[in-house]
Ligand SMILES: CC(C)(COP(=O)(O)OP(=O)(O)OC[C@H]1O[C@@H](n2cnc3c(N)ncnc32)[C@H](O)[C@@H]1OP(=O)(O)O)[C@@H](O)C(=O)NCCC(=O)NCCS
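Next comes just one chain, in structure tokens: the form predicted alone.
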Amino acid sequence: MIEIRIRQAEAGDAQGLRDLYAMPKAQKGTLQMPYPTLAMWQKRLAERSGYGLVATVDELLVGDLGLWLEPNPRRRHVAGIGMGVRDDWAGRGVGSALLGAAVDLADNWLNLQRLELTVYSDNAAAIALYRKFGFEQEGGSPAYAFREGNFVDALHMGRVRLP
């Protein structure tokens, strides 16, 4: 049985995050650009707002999830989510562990009512994961992003927890 450990991201995670988002599938499923630098990830970690969670297995960083709180007072009940998993760890429970931890944090510690995310419409595995945690499709954006020489569509998904 693999033990996936979830913890808050730390400054020393820059190398692991750079390696994760340098992988082809991780780039294809996110808005990350090719050839990320260590300095870029060091800066991102230093400036990251909200909650940054990472998944590790035996000290190897295998997944990342950012949960950022909306700054507008009228949307303080809302947070956005973005995540990535190492290509060689996809389908092994990392996404479920990260998303489960984020939902627990949102529901039981931050008293958030709404979680939002955007996912490419061709990312069936991610869409299934989000649905497993109660996210529903709320809309879509044609030609949302440019990826590998083509425009790709995206879905907007949300999870609402009523009091």
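Throughout, we count residues from 1 along the sequence that is shown. Bear in mind the structure is a predicted one, so any value in this text is a computation, not a measurement.
The same protein also exists as the form predicted in complex with this ligand; that form is not shown, yet it is the one meant from here on.
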### Query
Is there a non-hydrogen atom of A90 within 4.5 angstroms of a non-hydrogen atom of this ligand in the model of the complex?
yes
| task | Although this ligand is absent from this view, report whether A79 comes within 4.5 Å of it in the model of the complex, heavy atoms only. | result | no
4.5 Å heavy atom contact, K132 and this ligand in the model of the complex = yes
Item to complete: Examine A124 and determine whether its closest non-hydrogen atom to this ligand in the model of the complex is within 4.5 angstroms.
Response: yes
This ligand in the model of the complex has a heavy atom of only one listed residue within 4.5 Å, and of L115, A102, A26, L61 that residue is A26
Within 4.5 Å of this ligand in the model of the complex, heavy atom basis, the matching stretch of 94-102, 66-74, 50-58, 33-41 is 94-102
Contacts from 49-85 to this ligand in the model of the complex (any heavy atom within 4.5 Å), listed N to C, are M83, G84, V85
